[in-house]
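Before any questions on binding or motion, here is one chain by itself as structure tokens, the form predicted on its own.
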Amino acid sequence: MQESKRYEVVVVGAGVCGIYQLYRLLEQGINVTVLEAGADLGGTWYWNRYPGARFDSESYSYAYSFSDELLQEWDWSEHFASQPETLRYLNYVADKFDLREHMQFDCRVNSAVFDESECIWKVILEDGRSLTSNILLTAIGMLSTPTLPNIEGISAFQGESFHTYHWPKEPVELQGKRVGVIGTGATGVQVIADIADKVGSLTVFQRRPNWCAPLKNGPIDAATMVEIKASYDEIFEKCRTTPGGFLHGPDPRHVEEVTEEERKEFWEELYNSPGFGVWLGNYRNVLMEDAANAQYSAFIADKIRSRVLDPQLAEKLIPKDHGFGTRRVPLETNYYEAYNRSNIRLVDLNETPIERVTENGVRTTSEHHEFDLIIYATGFDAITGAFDKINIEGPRGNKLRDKWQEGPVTFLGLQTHGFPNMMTLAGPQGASVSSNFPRAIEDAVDWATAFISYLREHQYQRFEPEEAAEADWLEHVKAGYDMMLLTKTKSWFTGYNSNVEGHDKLRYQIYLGGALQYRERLREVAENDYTGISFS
């Protein structure tokens, strides 16, 4: 049946961001609903059920900070929680604050069209239903549109196969199976390390090796959890002072300012400490200057060589086309040790590219590999991909996917000219994409919530960022790219994806100014009556 209902606010997405935004809007008594494509809440943590899926930021730094009661009630079992535990946590939050009744599941949005005459968004769902709202808020995730590789014959395979994002809810039998994994990014690294000792044989197809470092995970005992609960103020304050919103911030010194002995001792300490310190806690110029980065990359390369028994194989696992930390660093547990097993084999696609997927396996230029299961760990159409899947139209029929075809253009990463009454909470060019997600999301959601209060207080029905303000923000975003080595490397951070047409050049998708500077920008705009935004 066709059904239409009017809301003041519609939020698209019931992941970490959508859950918190719903909580804040209900606090204000706003008539709001959340539309979620999945059968339940959780977003990333609902869909990604693959073996080994877990946090690589500390669990207690990832938790919501808005409720002291919630912080004291919830006990984390590991320093870096697994996907099932994280999903339980998000469900606990939703149930504790009675949020679920305001969510609609199995609701995939096909289109959202702004009606200028009524100043409302008309949202059409895949099942044919329509809803309207004064304000549209997107919380659709930065890694929620999986991409399969451009390989001939994928549909021909007769065995079981899927992208890691679509790992089945039902248990997948691995024991004794011949398994192929295509891709060695952050997801592939987690999957490979987890299943290597469970399958009959494992063949890894690698196009570009990544720099990986130990996660150093471990259980949290009762006494430690008590200490963590007593320290939440300090934990979140620490996160607020670091550029990435993590517990790890850069050392103010440069590589050249310390002796070789001090440098090696410090790097050993980083390598053997848990979490992102090995990436984000380094000397300040390691991620900014080629010479400093080369020294650290050589140190990590030697670590890989020490962990992989076969010297030739070790060299294939060491990146030669980019330095450490200039792409997203996967944190792992026994990933390199997995390659010491007799049942695992690495296929270097630079030497023997895949020709096609067949009915019973994968054919490369040198041989045919037979499999019972093929796992595609081939990443995502990152950041803008989820927006492109929805037909988002402005008042003159202008489409968001057309405006962003050459790369996103936003104001503060939260609004975009030509699309009134819309905010992109986890969108491109905002801090959430390049920092500890929940920490940055709380900033974005709090700003959006205060902004909606401002609209109500002044009885504004329409808002839209000005073109000049948007152009200034884009220049500010671009300026951040001049400082960091990662902008010279092809990765999803910088908009490259060989499996997506047109994504073969630099796109200014992420904000590199750091969480502190971003937070200050948000504050300045708000305190100046939201300068750069037009109201009516």
Ligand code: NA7
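Numbers for residues come from their place in the sequence shown, where the first is 1. Predicted, not measured: the structure shown is a model, and the values here were computed from it.
Just so you know, the form predicted in complex with the ligand exists too; it's not on screen, but the next bit is about it.
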**Q.** Location of the ligand contact in the predicted bound form, chosen stretch of 355-363, 213-221, 253-261, 176-184 [non-hydrogen atom, 4.5 Å]
**A.** 176-184
Q: May I ask you to choose, among Gly407, Gly418, Pro149, Pro274, the residue with a heavy atom within 4.5 Å of the ligand in the predicted bound form?
A: Pro149
Q | Selected contact from Gly325, Gly281, Pro465, Gly188, since only one has a non-hydrogen atom within 4.5 angstroms of the ligand in the predicted bound form | A | Gly188
**Q.** Proximity of Ser498 to the ligand in the predicted bound form, heavy atoms at 4.5 Å
**A.** yes
(Q) Whether Phe380 contacts the ligand in the predicted bound form should be assessed with a 4.5 Å heavy atom distance threshold; does it? (A) yes
**Q.** Contact test in the predicted bound form: Val347 vs the ligand, heavy atoms, 4.5 Å
**A.** no
Q) Hey, in the predicted bound form, does Trp492 get a heavy atom within 4.5 angstroms of the ligand? A) yes
**Q.** the ligand in the predicted bound form - contacting residues of 190-209, heavy atom within 4.5 Å
**A.** Arg207, Arg208
